[in-house]
Every structure is written in C-alpha cells, then in structure tokens.
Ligand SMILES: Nc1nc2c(c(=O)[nH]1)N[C@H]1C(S)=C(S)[C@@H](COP(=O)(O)O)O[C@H]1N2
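Here you get one chain, nothing else, as structure tokens; it is the form predicted on its own.
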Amino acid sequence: MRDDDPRLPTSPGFWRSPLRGTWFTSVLGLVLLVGITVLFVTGLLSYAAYNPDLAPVNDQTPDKGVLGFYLFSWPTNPYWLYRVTQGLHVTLGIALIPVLLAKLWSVVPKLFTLPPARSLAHALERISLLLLVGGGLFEFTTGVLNVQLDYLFPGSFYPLHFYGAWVFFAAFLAHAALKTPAAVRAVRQRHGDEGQLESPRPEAPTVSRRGALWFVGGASLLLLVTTAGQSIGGALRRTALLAPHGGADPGSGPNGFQINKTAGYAGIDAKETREEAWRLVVTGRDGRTVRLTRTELLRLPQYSAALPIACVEGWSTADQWWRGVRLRDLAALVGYDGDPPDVFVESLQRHGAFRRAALRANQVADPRSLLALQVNGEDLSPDHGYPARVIVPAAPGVLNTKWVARMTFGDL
C-alpha cells in the first residue's frame, strides 16, 4: 500500500471528519492554554502546601534540585486557602478532560504524517509533541485516579505527578510559544490554513464546528457540576456524583463529616487508645520530655477553632468546631516559651502514607493550630483520630495527623 492510500492512517484521505480544521483546533488550544496554566500554578501551590522542604518527612521526592525553587513556608491565612486552591485544581482538571480529548482528536492526523521528520527542527517539534501528548494523558490520568482514590499506578502519586507535571508543562510551553500566535489569528479571522487538519475528502457534516464546540463545552460543564460540590460543600455536596466525598461513610452526629482513612484502615488497635494505655509524648529543647494522658491534656487551657479539612483529592469538609490544646502551648511545656519552632508529629497509624508529618514554625505559632480532643462539642470518634489529632488552618488534610502519639519540637 502507498502512503497516500486512503485505507492507511498516514494518508490525509483516511481522516474524513468535516469538523477538523485550524479554527476548531485553535479555539480548543486557547482554552487549554489558560486552563493548563491555572492547573500548573495551583499544582505548585498544592505541592508547596506540604512544606516539601521538610524532607524526607513530608516529601520523599528525590533529586528535585532547581525544581524546588518555589518553596516557601505555607501560610495559615486565610484558613480556607488550601480548600480553594486544591478544589480549583481538581475541579478544573476534571472539567478540562473533554477539551483535552477533543483537542487531541482534532490533531490526530498530524501524528501519522510522513515522513516523521523533514528536518532537525521538525524532528524536535515532533518529539515535543510526543512529550506533550504523553505528558498530558499521564497527568490527567494519574490525577483522576488520585481523586477517585484508585492508586493503580506504581510508586507514590506525589513524585510521579510532580515530575510528570514538569515534563508536560515544559513541552506545553514550547508548543504554546510556537502555536499560540497562529491560533489567535485563526480565531480572529474565523478560518486559517487548514493544511493537514482539514480532510481532502470530508464526509457530509452532521453537526457544525460551533455545534461540536458547544458539545465539548456541555460535557465540561456536566463534569464541573458533578465534581465541584465536593469542594464547595453544603447542599451542593450531593451533586458531586463523580467525587469520592472523602472516602468512608461518616455517619451522623457531631463526628458525621467526611473521613478519608478509617481507624481500621490505618491499623489502629483500640487497646492502644484507651485512657489507661495512651500517652502523648512531647519532646523539646535539650531533650526535655513530658508524657500526658488524655485527662491531663483536658486539664490544660482549652481553645476552639472553626476549620475545614481539605484534601489533595479535592474534597473538603464544612467548617467544624475543634477544641483542644494549642500547639504553641505544648511547645511551651518543653522549653519554648517564646516563638515556637517546627514540630515533627508521629501517629499510631500503621498502614497508609503520612504516618509522620512535619509542620513549620508559623503553623505551630498560629493560635488556631490545635491538638484537638473534641469536635463539635463531642469527643473525637476513632475514625477522626481519637484520642487526639492535629488541626491546622490552611494545611492539607494529611498534615492534620490523626491518632497522635508523639510530638517533637525543634528546628527541622
């Protein structure tokens, strides 16, 4: 068979859809230009929220090198910051899936063009396209699996998504620099040099290109309204049909809000959390150590804070009323009477990630940062971290360690 044989995908005549064309592709490309840029920025913010420079505790991504240039101590104000940035990241990422798939469909004939490289510059462009397409599919696929709590990919989600994002965005920037001017011209003029995008022998149209764009937009809107409720909360939470709603069924009552990992999943033995068995070990300056029962913690000054839990999967709770001992007061018990330092928190948890976590000094110092003993006027349930858990404003949910056993204060 010849390369111009219409039975081969390498032949322009093989691709017969009348929808393909520069204007159609350019509109989709400009939407992705804005959307993917927002995803990249909010993704960096999400990664920074883990305070990844507190390695190897919060972040075990190897050899970041210069890719860690953006790191800073994650703020505690506004307290809903992570809820908004991560909710936007996840919801927008899901809503853009139809746009991404439509864009890939619109340019698929170019992937089969022969010869594969007409020059060195053309070869580099084709390689960048492979990285762009492969990186885009990888990032969106792993992101959706993470949202659905389906960890089918090998290794940890965090380093995979981190390095995948840099590869994808580098290819995306190169592609945008080459194609954006032409895309803008095509959209303004409502036509363009169709080249290999327009079929030389198109089939009879059944829908216009504008109609196809409305279809793609409608699909994105449908994904938006069936996902966003997990971050917005309230009555809209029932509309989040495609979201995991925070994992396990939380039940009702004061502890009846989203649970990601249950005590059973984490391997918590109820015998360890009984009053007569459990002790909180707090260590600080010069090795000073105190051991506190839950009753002794309840005798310390108690403070309340209304804070949500927001997770990397995009879901968040409504504000819950937490009550317990301020982290900075615990630091004072072991020698830090002034500005408190960082803290390293260890859990009784045996299974799953983030059995340990670290918090920056600014998070410890915030008066709303608590070792919570109660929520909404009732003792914590086992699934919410009884006998004690950390709650910090604007921190990712996994840093709000449950089933706390030990806290070590000091510069990390």
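Here the structure is a predicted model, which is why all the values come from computation and not from measurement. Start at 1 with the first residue shown and count on from there.
The same protein has a further form, the form predicted together with this ligand, not shown here; the description that follows concerns it.
The shortest heavy atom separation between F168 and this ligand in the model of the complex exceeds 4.5 Å. Looking at T401, you'd find a heavy atom of it within 4.5 angstroms of this ligand in the model of the complex. At a distance threshold of 4.5 angstroms between non-hydrogen atoms, Q349 is in contact with this ligand in the model of the complex. This ligand is not shown here, but in the model of the complex it comes within 4.5 Å of a heavy atom of I259.
Heavy atoms within 4.5 Å of this ligand in the model of the complex map, among the stretches 71-79, 287-295, 127-135, 309-317, onto 309-317 alone. F354 is the sole member of F354, Y386, Y47, F40 with a non-hydrogen atom lying within 4.5 angstroms of this ligand in the model of the complex.
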